[in-house]
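Considered here are two forms of the same protein chain, supplied as structure tokens in two stand-alone entries, structure 1 and structure 2.
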Structure 1
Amino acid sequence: MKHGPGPIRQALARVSEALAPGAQLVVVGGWVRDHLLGRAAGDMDLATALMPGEVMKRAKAGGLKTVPTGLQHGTVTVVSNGHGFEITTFRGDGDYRDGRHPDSVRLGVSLQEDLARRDFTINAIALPVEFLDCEKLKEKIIDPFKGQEDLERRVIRAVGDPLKRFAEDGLRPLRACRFASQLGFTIEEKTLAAIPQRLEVSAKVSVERVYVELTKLLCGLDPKTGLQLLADSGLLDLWTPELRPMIGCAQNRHHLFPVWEHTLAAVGFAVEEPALRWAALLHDVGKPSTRTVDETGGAHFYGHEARSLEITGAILARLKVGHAFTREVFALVRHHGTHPTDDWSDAACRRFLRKLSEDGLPLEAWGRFRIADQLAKGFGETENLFEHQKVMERLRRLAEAQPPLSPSALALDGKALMRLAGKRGGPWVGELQKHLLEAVLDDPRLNTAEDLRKLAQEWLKS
């Protein structure tokens, strides 16, 4: 059965109608690439030969709302049936003097010239909107730099001379590594060779843009390759020099792989969520500087979690990462080395659950991260999985009973304690709550008003 056009296509058809004639409206870049690859495509970027003022005029005349989102770059958002479409006038870039932004943009150039300013051949392709649902779509693609061939060969190749293109914008080398990870492609030889020669340009790129690309690289299909490319090309040292000592740092009998290889494996095993992938990258970054060797030749990494936290904090602050995300990564790094075993008491397990809860880390997130770390140790996979399931089942069972994990869960609140003591509030309330919480962590059955009153009275007397 043939489906009619979906709501987005219908909305787009209205835009296309309003802008005709002579608009040469095309979908360009990432969306076309992803569509050809059969990947879930992200935002649809549209381009046109019309000047922004003309886009606004014609869209309004066609009854569509417009927003001048980036007029200085030639971008207008046209809203149709509730969908916003970003439409940018074909443009060429002027000179780049700062290695980050063109000094000027020239609007009203040809589509060919617009495609020539784009970073990689696989991103320098365009599809006229009227052919979006055409059966021979591939023949309709405008592809002056043979991006489709590179898509088939799975190659990332700069448009034009890579040394020149990377001198214009230092983010492009990082984007090359990001696409290698995201798509599982290789970087063409000359494009790859140009990266180390343009590191001083890449060093000037704003950290906000770097963070976006690094996160996409980490969450890609093949982050190991992406990270190894960063290491081999020298990009790694521009923003995360602390990672370099992990390369070649040998471990101990608990691990099959050295620290860097273990880290790459952990990133690969972690679920593709930014916090988990970042935490996997950073969880052992404190190992090289805490490494000691005992008299039998065994390596130890005492206190590496704390050191990893320090370095994680420094890296995320340098990249201007937000507070909430940093907190999430911190919690994963902080608790990655905790391994509850059979000889832990229930109370000890509950104390661990309390720590997770204080750090805002759900048990399941901790579990998902731990399994990635365990698998990345490189041996005893079945055993590790089995042991991990056992640990998780026990913790889940204890968590399901909803034991009190914070003072607010106690059966007596602060006010009740003050009434009981006949005293005004003060630091003593917090201390007493801590004492009561310890007692109910040992035995949750004690969390009744009656039992807590007794315990509180004893404490107040002592």
Structure 2
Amino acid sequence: MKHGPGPIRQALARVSEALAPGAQLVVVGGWVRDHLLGRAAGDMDLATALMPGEVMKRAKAGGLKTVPTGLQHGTVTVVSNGHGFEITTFRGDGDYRDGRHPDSVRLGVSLQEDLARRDFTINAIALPVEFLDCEKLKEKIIDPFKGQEDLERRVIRAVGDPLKRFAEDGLRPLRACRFASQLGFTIEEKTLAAIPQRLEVSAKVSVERVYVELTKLLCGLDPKTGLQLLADSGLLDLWTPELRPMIGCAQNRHHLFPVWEHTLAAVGFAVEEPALRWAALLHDVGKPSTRTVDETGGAHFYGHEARSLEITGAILARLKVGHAFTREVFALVRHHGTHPTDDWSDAACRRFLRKLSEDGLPLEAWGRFRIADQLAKGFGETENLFEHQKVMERLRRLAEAQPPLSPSALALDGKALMRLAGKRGGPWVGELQKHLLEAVLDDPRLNTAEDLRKLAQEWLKS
């Protein structure tokens, strides 16, 4: 349930009224954390002293609909005024033999024991729902592990022994790095030191879950810190070992930074969109394996774009990323090395626009990624921004003229060409369309039925 204005609070008040008395209904975890930080609050998780059966009984008596969404974990969804609230009975967790989920749960424990099973102190805080709009809200928060102090110190610290917390759930080390990126926090020393000691547990986490966390990390406030934490802790090598060779890989005169530092900067400069951030992370991953040095000591990376695409495909396939998203990242990586200059002809620019169109990559998306890559080279913003603006203005002007960028945009379609030739279709139609498209890319004024007939007839005679 997303936090919102009055109607949601009214719906929650109705739930609280239905479950009273003795429910001890509290908001726990991330919503309280984000509210205290002044961030847009996300999901509102509720917890209660009542057992699931009693929650359902009281809610129904109060005229509310209930859904037994997770009774094995003590969770019931209560629907009020069209809003669904997941309510979980205070619980303690048993052993975590699979490194992700408890083998069993104990319902009916105290709120403090419920909070003690959580990952980090900043998430082990609770707020009774009756105090949501209280002016002195901070004084009403239940905070047995000093999570508010850690919020003020901007620190991520495990609840209790970090080695135990990370042995229970292998996702927690990755979440620590993700929160560092999202919130701009540091990880407390003992918590950070525990991560490399629990890599075998983290290796058990499903790749689908890893992908979600990595995407949140990449789209965070400080992704450079999050990525460096992954590298320093060893988490990077569990799921993306291909990135490790970028660390320490020196570049050439066109870059001020080595490959890894350039990559971190590119991610930081990229707009906070998942495809752009993932492309920034992966666009130069092929450089270490293609690096050569000439007789003068200059480094070259011939063919690194193709190698980067190959490695990008392997990484995204390993993480079971969807086809549409993979295609978007591929397009950005494929074209990141293209840099139109003043000596490009308009025809060359139109051919580049055609390539973007064929890959389904909008010009503006390419532009946003290109400037991030350019700025990450480290030579200052003013010159890069001026040059980039010139490139984009020219490409936009040409694109606004709506030149034909595919055979479907030609003034004569395949059927018209077959009638003109007086023969049935075949591979020749595609070859002719390709010939005509090249002609109109050189001169869009030729894209008329009359001019294309003349060009087609000349081609058919040849």
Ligand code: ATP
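Rigid core (definition): largest C-alpha set, two forms, superposition within 1.5 Å. When a residue number appears, read it as a position in the sequence of structure 1, where counting begins at 1. In this text, all values refer to a predicted model and were calculated from it rather than measured experimentally.
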{"property": "Structure, 1 versus 2, that is the form predicted in complex with the ligand", "result": "1"}
{"property": "Core-aligned C-alpha movement of residue 398 between structures 1 and 2, 2 Å or more", "result": "no"}
{"property": "Rigid core fit then residue 109 CA moved by 2 Å or more between structures 1 and 2", "result": "yes"}
{"property": "C-alpha of residue 59 moved at least 2 Å between structures 1 and 2 on rigid core", "result": "yes"}
{"property": "Once the two forms are fitted on their core, CA shift of residue 84 between structures 1 and 2 in Å", "result": "2.3"}
